[in-house]
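Okay, here we've got a single chain as structure tokens, the form predicted on its own, with questions on binding and movement later.
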Amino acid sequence: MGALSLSQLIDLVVGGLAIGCVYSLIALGFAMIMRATNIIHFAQGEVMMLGSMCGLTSLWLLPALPLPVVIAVGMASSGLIAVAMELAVYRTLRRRRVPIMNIITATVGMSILCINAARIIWGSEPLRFPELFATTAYDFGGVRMSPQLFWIMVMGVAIMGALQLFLKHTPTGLAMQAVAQDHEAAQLMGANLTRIMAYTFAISGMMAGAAGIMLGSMFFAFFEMGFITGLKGFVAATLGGLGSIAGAMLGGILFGLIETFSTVFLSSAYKDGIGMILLIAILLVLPSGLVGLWQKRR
């Protein structure tokens, strides 16, 4: 392919940042649950898928719903589903003191259960979202930008910023960070571990739900949409540094840009394979992720 024009380069960067925000939101869920429980939640992609489906259903029932309300529905639905998983399955297994690998295996089982439940409820065909964004491109000083990609970036950054404010400036957020650092010390200081775990799954589910609405509006909602997207969210979390909140956000953005540019310079047919190659490369070369590399250089 020849050299890219400035317009093409901007389109690629904007597209990469938009899909990167989606990956960052999913990666945040992986990071938060990993920090709090040491569990890799492989059902995170399916939680995202269910949030997308619930948001779409709300539009079927009330077609005039504004975009913020649709996102709120998706976030609330995914948050409730994630908490239900934690209460019904993961907490029960922890109380029985089963090995951590058994709980991780259970997350795979929950993933398969969610896929089949969605297929029964919503069917096997891809479902298209109604138009949620303006169709006329925005013009920023001669640079034209898709309203859809622009608002996905804005909403993604706003949600991630709100999460950071919540974690750093609220008692519950500070308690969640304390539990993530040291369960026993946090409990001695009065933190309610049972409640904090539920909050962690709720917020990670809400992040996934927001990602599901954004992704569904970009492409479509589908009962298997969470599988490969969830894996990409895991790659993004690993790229940033598994268990790191800042790393999850950085990793998602970077992975979105890498994937977008690779489809241009290589082929869109290899888009999913590139993510898996990147995961293996990270595990081989940079197992602690970008945040770990930065910490070593300080």
Partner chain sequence: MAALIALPWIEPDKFALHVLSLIAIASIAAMGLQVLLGYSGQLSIGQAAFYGIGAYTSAFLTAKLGVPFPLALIGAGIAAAIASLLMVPITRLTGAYLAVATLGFSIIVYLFIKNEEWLTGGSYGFIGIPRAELFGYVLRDARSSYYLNVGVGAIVYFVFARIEGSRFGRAINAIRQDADAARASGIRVTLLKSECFVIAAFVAGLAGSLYAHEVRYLAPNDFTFWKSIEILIMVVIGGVGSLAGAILGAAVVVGLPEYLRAIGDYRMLVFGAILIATMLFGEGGLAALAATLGRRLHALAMRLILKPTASRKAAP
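C-alpha atoms forming the largest set that superposes within 1.5 Å between two forms make up the rigid core. Numbering follows the first chain given and starts at 1. Because the structure is a prediction, the values reported are computed rather than measured.
Form predicted together with the partner chain: not shown, discussed below.
Contact annotation for residue 60: none of its heavy atoms lies within 4.5 Å of the partner chain in the model of the complex. Among residues of the shown chain, residue 45 is not one whose heavy atoms approach the partner chain to within 4.5 Å in the model of the complex. When contacts are judged by a 4.5 Å heavy atom cut-off, residue 235 counts as touching the partner chain in the model of the complex.
Taking the partner from the other structure, the partner chain in the model of the complex has no heavy atom within 4.5 Å of any heavy atom of residue 10. With the partner left out here, the partner chain still marks one of 66 to 74, 50 to 58, 24 to 32, 239 to 247 in the model of the complex; by a 4.5 Å heavy atom cut-off that stretch is 239 to 247.
For the marked spot (89, 112 and 115), a heavy atom within 4.5 Å of the partner chain in the model of the complex is present in each of the three residues. Contact with the partner chain in the model of the complex, defined as a heavy atom within 4.5 Å, holds for exactly one of 144, 195, 119, 183, namely 119. Contact annotation: of the candidates 177, 148, 105, 187, the single residue with a non-hydrogen atom within 4.5 angstroms of the partner chain in the model of the complex is 105.
Although the partner chain is not shown here, in the model of the complex the stretch 71 to 103 places heavy atoms of 89, 92, 93, 96, 98, 99, 101, 102 within 4.5 Å of it, in sequence order. Taking 2 Å as the criterion, residue 13 does not count as shifted between this form and the one not shown: its C-alpha moves by less than this amount when the rigid core is aligned.
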